[in-house]
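Next up: just one chain, as structure tokens, the form predicted on its own.
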Amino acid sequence: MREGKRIVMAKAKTQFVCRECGAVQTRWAGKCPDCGTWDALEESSFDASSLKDPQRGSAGTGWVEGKAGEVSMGAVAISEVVRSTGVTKRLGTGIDELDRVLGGEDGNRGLVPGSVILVGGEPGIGKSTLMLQAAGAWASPVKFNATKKDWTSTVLYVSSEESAEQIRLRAERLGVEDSDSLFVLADTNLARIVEQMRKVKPDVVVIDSIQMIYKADMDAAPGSVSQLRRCASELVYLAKSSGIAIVLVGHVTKEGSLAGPRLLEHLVDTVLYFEGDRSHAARLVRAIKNRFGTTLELGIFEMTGKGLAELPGGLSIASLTNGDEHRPGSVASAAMHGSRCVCVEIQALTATGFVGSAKRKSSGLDANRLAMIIAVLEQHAGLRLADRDVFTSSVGGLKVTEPASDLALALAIAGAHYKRSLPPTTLAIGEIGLGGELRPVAQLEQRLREAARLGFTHAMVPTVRRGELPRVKGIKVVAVKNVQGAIERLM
């Protein structure tokens, strides 16, 4: 502003942002006052110009002509809000496992226009591979059962870490290099990215990754808290005002936070985690936040030389039964993840330990649940485990936290302790109570049908007090009342 002939420039202020919860403080402290995390406040600069409307040109991004118009022109009564007629057409990828996680009904699954999705995972897990495959699928004709016509989306793939030539080489390996509706941009400046969006007018924008995107009018380095907050906020506003679906790829830090501070998880509509072990071929995609669908669904892929291949049959992996081999300490179970059933193998190992310092280790299982089941086995089944180290694991990298896997875990521990095993085509389903009783589980018939489809012939389940046990062709159901009865059948 002007004071006579002197021009006074707006001065940037210093603030401190918590990288764990995103809270803003005026001064540094060793402990965040909001979330209580120690040494989490990071210094960042604050410019008053950031309070201006980012889409009106003040922030340097300009205005993008949208397909949805302005987001809001003022407050109105909820009874006066005009509801769109018909069902919102989602942008399906044709990759069923990914569309399942994004949400929607059968025949209309995928991205919601104008939504913002954050995809995170460890380095090298396959995030860029999945996003380039999805971009190629979005840019190809996808058959929608609901509309009975082909739909081709225009996609802009923005890479802040690779050149256009490198993306072309990966696209050739994945078989998505021949699409005329897939545009590639290798840039890190947000203003230039928005300018290209204005020219291309895409339906979907993929930004890989958000950590390298920056705004030139900010002094902070790319990847800092202030840059991430500013860039992500403007992209979210842009998606809502233009109707463009934006997918952000974020890295997981050493502390396990997605894209640095967790404030990005609060800004976006959907947060997808890409999980898996690089030493295993299986990859899992799960939603931990989804404003347009459930967070219970699970997408299962397998990493191959030509990209990620879908596993619609789940992680049942023919090695679950492993032929006719009997393995003590190995029991299969059926876990529900959203609307799908996944058969998983649970393994246990007991070794000589010391009373008072016995180890209890688990991989892919709930450690608290493991301690409870060990206590039940000692109290109600007569197992002496106080001087035994117990190690448990779920095979294939799938995390199993459902109580329906309690019986399989208990039988695996007892089998490892007694050197006994169930037949390889037998699985166990049931929740264990503190009194040693077995409790019925939900969707038992669906679990048994999936087990029968995968070749299992016997299932050990809890006794049903009212009604009859479900009858499924090809699988014999054995009802068990308590843990002691289940171990007697094991012996």
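The numbering used is simple: start at 1 and walk along the sequence shown. Here the structure is a predicted model, which is why all the values come from computation and not from measurement.
The form predicted together with thymidine-5'-diphosphate is left out here; the points below concern that form.
Peer 1: If we take heavy atoms and a 4.5 Å cut-off, which stretch out of 215-223, 343-351, 299-307, 365-373 is in contact with thymidine-5'-diphosphate in the predicted bound form?
Peer 2: That would be stretch 299-307.
Peer 1: Only one of Gly126, Gly94, Pro113, Gly104 comes within 4.5 Å of thymidine-5'-diphosphate in the predicted bound form by heavy atoms, so just point that one out.
Peer 2: Partner contact (heavy atom, 4.5 Å) among the options: Gly126.
Peer 1: Exactly one of Arg192, Lys361, Lys201, Arg173 has a non-hydrogen atom within 4.5 Å of thymidine-5'-diphosphate in the predicted bound form; which residue is it?
Peer 2: Contact residue from the list: Arg173.
Peer 1: Just checking whether Glu122 would be counted as a contact of thymidine-5'-diphosphate in the predicted bound form - the rule being heavy atoms within 4.5 angstroms.
Peer 2: Because a heavy atom of Glu122 falls inside 4.5 Å of thymidine-5'-diphosphate in the predicted bound form, the answer is yes.
Peer 1: Even though thymidine-5'-diphosphate is not shown here, does Lys240 get within 4.5 Å of it in the predicted bound form, heavy atoms only?
Peer 2: Residue-level check for Lys240: no, no contact with thymidine-5'-diphosphate.
Peer 1: Indicate whether thymidine-5'-diphosphate has at least one heavy atom within 4.5 Å of a heavy atom of His251 in the predicted bound form.
Peer 2: Looking in the predicted bound form, residue contacts with thymidine-5'-diphosphate include His251, since a heavy atom lies within 4.5 Å.
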